[in-house]
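Take a look at this single chain in structure tokens; it is the form predicted on its own.
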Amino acid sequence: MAVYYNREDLGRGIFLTKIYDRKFKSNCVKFAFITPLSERTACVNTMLQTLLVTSNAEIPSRTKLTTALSGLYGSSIGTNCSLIGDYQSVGLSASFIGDNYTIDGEKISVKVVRQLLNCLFKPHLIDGYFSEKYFNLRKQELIDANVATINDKRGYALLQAKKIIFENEPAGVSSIGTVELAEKITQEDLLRQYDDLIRNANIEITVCGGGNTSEAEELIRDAVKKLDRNAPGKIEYRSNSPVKAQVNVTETEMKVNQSKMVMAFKSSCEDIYTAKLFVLLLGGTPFSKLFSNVREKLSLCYYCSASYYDRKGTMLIDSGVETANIQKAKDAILEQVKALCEGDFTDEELDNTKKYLCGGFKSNYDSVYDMLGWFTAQNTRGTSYTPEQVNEMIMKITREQIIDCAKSFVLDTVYVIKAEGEEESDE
């Protein structure tokens, strides 16, 4: 599929990426401030974006801003926050239909992007501070989000496991911090961090969609030229996590209906697409080794799946198990990893997994945000492959490459949340 892609260096650590596919009837513009992930600033950054999206100096009311955007054919401005290895990405995004679909060709792209820029660079401040009302609301929302993490036991287990897996590494930090950190955030913290992001963060701007956004892009260029900035260094997103000298096994008890187990394997494999294929073959499909054998055949897990953090060279296998089956499930999982290391998989299994992965990559053409996400990931890897190009690479991966990749993964951490009061089987 023909997609126009262009990445422009605007200088001082600011990049503008343009992605155009005429089949889309809408557009999105994303501003992402990329900064080293740290416990001290992560939750401040997360709260800051929720304040910036609320209002701006021109429209100092959340209700009025929402109404104004809705009047522009249902346009919207929202937050975006993600973790990329040892970095945090925070910012705002705007969505709007193409100008060629408006009545009388109204340039709503310019109007929406203007409000987006106002939110980012002309925030609503009262005597130099954010609105106390909005400050208190957003702070309580952040506190509530932290409290709520424990209600999602699977997510909570992964969150706690990552602290151990990536010990002394930024990747082990939660993007929303902790209740204690959230409670301590002050107006001064937010203003100081806002100034730091503007001056020192790498800024990735992405314009994606099917409409003509040339005038809006000029607004963006003019706005960032005026920023008082230092020149941040180039980011190296990939930083493989070092394997621990010995496997860390940590168990804790909680009031849960089923125990949770997270196993982390680390690798120095540089071929991320072979690694993705290996992880999918192991535990990423309804016909994977973990699903077919550990969950279905042996009935040892309620769920058991594998995921790959390519920026950290780490595979996580998380499962929900009965406490009595924890050791059996662990042994069975290790057996499946060993099986792939020994080439115990059929050509049909490999071929089906390739098709499954390639089909998933092709789905990135389904929406503007999927397309934006695809090329954002490519940018962090220093590549600009299309889904078709990656799929062609995947179809050429051999079983020998899969076996070599599998052998490179080493068990690093086993984290278990045991159902309180239950005992493991002695069998």
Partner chain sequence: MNKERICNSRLGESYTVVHHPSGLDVLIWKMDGFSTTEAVFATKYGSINNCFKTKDSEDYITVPQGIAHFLEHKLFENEDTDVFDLYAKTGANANAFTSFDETAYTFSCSDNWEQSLEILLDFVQKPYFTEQSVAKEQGIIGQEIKMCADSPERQCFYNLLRAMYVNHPIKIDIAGTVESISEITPELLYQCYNTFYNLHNMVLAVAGNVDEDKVIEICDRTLRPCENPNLETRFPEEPEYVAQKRIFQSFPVGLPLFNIGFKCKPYEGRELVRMACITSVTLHMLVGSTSRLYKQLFDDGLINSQFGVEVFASDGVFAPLISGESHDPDELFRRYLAEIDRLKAEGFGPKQFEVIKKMNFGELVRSANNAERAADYLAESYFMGTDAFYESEVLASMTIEDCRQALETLFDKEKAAISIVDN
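Between two forms, the rigid core is the largest collection of C-alphas that superpose within 1.5 Å. Owing to the predicted nature of the structure, the values given are computational and were not obtained by experimental measurement. Positions refer to the first chain, counted from 1.
We do not show the form predicted in complex with its partner chain, though everything after this point is about it.
If we take heavy atoms and a 4.5 Å cut-off, which stretch out of 135 to 143, 184 to 192, 269 to 277, 305 to 313 is in contact with its partner chain in the predicted bound form?
Residues of 135 to 143 come within 4.5 Å of the partner.
Looking at 123, 320, 172, 211, which has any heavy atom no more than 4.5 Å from its partner chain in the predicted bound form?
Spelling it out, the residue with a heavy atom inside the cut-off is 320.
Between the options 237, 73, 129, 156, which residue brings a heavy atom to within 4.5 Å of its partner chain in the predicted bound form?
The option sitting close enough to the partner is 73.
Establish, in the predicted bound form, whether 231, 345 and 395 all lie within 4.5 Å of its partner chain, using non-hydrogen atoms for the distance.
No: no residue has a heavy atom within 4.5 Å of the partner.
Under a 4.5 Å heavy atom criterion, is residue 379 part of the interface with its partner chain in the predicted bound form?
Contact with its partner chain, no.
In the predicted bound form, does residue 296 come within 4.5 Å of its partner chain, counting heavy atoms only?
Contact with its partner chain, yes.
Whether residue 328 contacts its partner chain in the predicted bound form should be assessed with a 4.5 Å heavy atom distance threshold; does it?
No.
If you check in the predicted bound form, is residue 161 within 4.5 Å of its partner chain, heavy atoms only?
No, residue 161 stays farther than 4.5 Å from its partner chain in the predicted bound form.
Though the partner is not shown here, which residues of 273 to 288 have a heavy atom within 4.5 Å of its partner chain in the predicted bound form?
In sequence order, 286, 287 come within 4.5 Å of the partner.
Is the C-alpha displacement of residue 73 equal to or greater than 2 Å between the shown form and the other one once the rigid core has been superposed?
Comparing the forms between the shown form and the other one, which are aligned on their rigid core, residue 73 does shift its C-alpha by 2 Å or more.
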